[in-house]
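Presented as structure tokens, the chain that follows is alone, the form predicted on its own.
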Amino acid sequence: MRLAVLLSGGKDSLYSCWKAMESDEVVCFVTIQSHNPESYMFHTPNIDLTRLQAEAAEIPLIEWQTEGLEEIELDDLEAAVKEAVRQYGVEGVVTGAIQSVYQAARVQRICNHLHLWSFNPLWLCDQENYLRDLIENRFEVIIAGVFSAPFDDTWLGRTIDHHFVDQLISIRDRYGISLTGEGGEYESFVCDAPFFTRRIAITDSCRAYKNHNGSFLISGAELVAK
């Protein structure tokens, strides 16, 4: 089956892409660039760098703009998926949804309308096992944003490794957080994945943080040999 992957730049979409590749053909990425940082549907930190990820994976990328208005932004997503069908003969759409019924149901509705298959490889997965699998399979993932207690600015730019996962487990119950950030606690950016031909090296960045809300902003990046 020919698949389009909804690419946010974060770990969930790229891990889901990798899993989809085990059985099907990923023919393009689709990235929605939201002008609203509070979008209900779309990841926004460092979203422009999905171009480098697509280049590293040697997979074509469709970029689509949206104002990010609730529900209306779904029309823009549907238009982008239609373009993937037109250009690449897409038969299904892959998402990185884990527990968000809000997001999964809306993508499913679009797929139903367009007679496409909706594929969510991470749906209701064991979150600790998933994070450990990311690490064991050499995904290089950094924290691109934090949006709740107890995360402070020291978490920004950190690599997801076993120590990171252990720390999350130690605070999970006290703060009621999702290990994968599915509740919006944090967002990530992938610098390398098993199917990348090159990795992304960050050459310039800065942190912006206030009151448990911060971003690791990447202002310089390039592809380098692995």
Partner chain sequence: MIAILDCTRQDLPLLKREFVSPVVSIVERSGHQAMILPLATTEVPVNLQGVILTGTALMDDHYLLHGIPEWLMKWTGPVLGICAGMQLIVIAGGGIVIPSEKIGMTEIMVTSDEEIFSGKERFNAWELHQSGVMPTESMKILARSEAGVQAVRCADRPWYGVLFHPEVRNEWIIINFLEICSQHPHNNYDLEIQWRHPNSQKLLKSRL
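All of these numbers come straight from a predicted model, not from anything done at the bench. Residue numbers count along the first chain shown, from 1.
Omitted from view is the form predicted in complex with the partner chain, to which the following refers.
Only one of Arg109, Arg132, Lys82, Arg138 comes within 4.5 Å of the partner chain in the predicted bound form through a heavy atom, and that residue is Arg109. Judged by heavy atoms within 4.5 Å of the partner chain in the predicted bound form, the contact stretch among the candidates 82-90, 139-147, 95-103, 69-77 is 95-103. Looking at Asn211, you'd find every heavy atom of it more than 4.5 angstroms from the partner chain in the predicted bound form. Although the partner is absent here, Val224 is not a contact residue: none of its heavy atoms lies within 4.5 angstroms of the partner chain in the predicted bound form. A residue is said to contact a partner when one of its heavy atoms sits within 4.5 Å of a partner heavy atom; Arg207 fails this definition for the partner chain in the predicted bound form, lying far away.
The shortest heavy atom separation between Leu156 and the partner chain in the predicted bound form exceeds 4.5 Å. Contact check for Arg51, Ala57 and Phe189: none of the three has a heavy atom within 4.5 Å of the partner chain in the predicted bound form.
Along 6-23, residues Tyr15, Lys19, Ala20, Ser23 each place a heavy atom within 4.5 Å of the partner chain in the predicted bound form.
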